[in-house]
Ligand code: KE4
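As a starting point, one isolated chain is supplied in structure tokens, in the form predicted on its own.
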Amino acid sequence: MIYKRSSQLFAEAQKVIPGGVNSPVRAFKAVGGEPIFVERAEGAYFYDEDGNKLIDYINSWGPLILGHAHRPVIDAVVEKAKKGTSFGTPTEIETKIAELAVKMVPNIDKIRMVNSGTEACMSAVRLARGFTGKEKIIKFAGCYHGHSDSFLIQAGSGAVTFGTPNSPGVTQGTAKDTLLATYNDLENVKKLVEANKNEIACIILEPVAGNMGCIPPAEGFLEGLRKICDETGILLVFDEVMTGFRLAPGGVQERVGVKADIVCFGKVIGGGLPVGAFAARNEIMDYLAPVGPVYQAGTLSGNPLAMAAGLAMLTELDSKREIFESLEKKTEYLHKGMEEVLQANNIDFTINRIGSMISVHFGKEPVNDFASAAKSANLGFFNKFFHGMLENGIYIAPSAYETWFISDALSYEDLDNTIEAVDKVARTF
């Protein structure tokens, strides 16, 4: 494929935007080469500035569960925009989407809208600290909760070692309150809790990881975290920015039957527009201003355009729950097809899948935490795979550490074309 126009646009962008992009992963730094500039998208497809058509497996990193430019969502946004874009005052639609979200998701009574997943997770941790009166948090290596300072912490060694910042600008003072645990390892969590008795406000995690590839929770892991939290007064926070309203109408809580104390949302809840949210039962949410002492605010929180998009999306997912069965079947079909061609070409691989999230890891060993994901990343292999898929008209995340997101707009012909592309690329190794 030819990307002359994209290359020109990238050169122009680098003059006025750091690295030429407004989010680092878009720069293709991890895979080499230059990013594709998209001109428009519809259904399951990107159309780039050079006129190439690409089957899309990132779907704006998850929210476009029904595909690009889904007509009910677009119509809702257009009609709402005719009445104004933002008021800075309450609107009825905020209550409507809140009522629908509370109805769909287990174990929440109230929800607060914000503008991004990062903001949702940051606010959830502040609320947990305010509610419990404790300062430390536990997060898991490989789980991404946005770019708030508390979450940009890399691993320490041993149960009592504090994390250290892995981005300049994050202070040691912030890092000392963030304890790093190993995903899918309950004993590691227990040691951290024991070493920091009565100091931990919350445990925050992606209940299904998507930022080290797709990694489902091991059997009993989420249940074990719930038990630890119940016994110690620690709040359990599920970051369902990726999984909420995608893996089930009520997210991971509904799918696996484990209750969180606070849940963070984003992606799907905005229907493709910038939205985040966090929710909990009444006694926790009533600690938020203006009712309680924990301050959180935002001029564009609950803005009419984002609420219109989100309400249209959630309304369709709630009224047509067969969509989730369709997504599951399509993802399983893709899984089996890729598995067959990779095996036929003697490629070492592991495929992780749950619901409409799937990822391919190029290694023999199971991938169940960040260390095993890194071991199986085989970056040179993945980079060749990424560019091979791109040349065959398939756009996957430009990183070995990201899940693929399936949209219901994908046809079985699209899936067959994807499997054929995997076969073609595998034959070149």
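All of these numbers come straight from a predicted model, not from anything done at the bench. Don't overthink the numbering: it's just position in the shown sequence, from 1.
Keep in mind that the form predicted in complex with the named molecule is not shown, yet the notes after this line are about it.
Here the marked residues Ser116, Asn211 and Glu402 all reach the named molecule in the predicted complex, each with a heavy atom within 4.5 angstroms. Residue in contact with the named molecule in the predicted complex (any heavy atom within 4.5 Å), chosen from Lys330, His145, Arg353, Arg112: His145. The contact with the named molecule in the predicted complex, taken as any heavy atom within 4.5 Å, belongs to Val241 out of Val241, Met313, Ala128, Ile108.
Of the candidate stretches 100 to 108, 117 to 125, 193 to 201, 315 to 323, only 117 to 125 contains residues with a heavy atom within 4.5 Å of the named molecule in the predicted complex. Taking the partner from the other structure, the named molecule in the predicted complex has a heavy atom within 4.5 Å of a heavy atom of Trp61. Within this chain, Leu9 is remote from the site of the named molecule in the predicted complex, having no heavy atom within 4.5 Å. With a 4.5 Å cutoff on heavy atoms, Val25 counts as touching the named molecule in the predicted complex. Under a 4.5 angstroms non-hydrogen atom cutoff, the named molecule in the predicted complex lacks Arg246 among its neighbouring residues. Along 255 to 277, a non-hydrogen atom within 4.5 Å of the named molecule in the predicted complex is carried only by Lys267.
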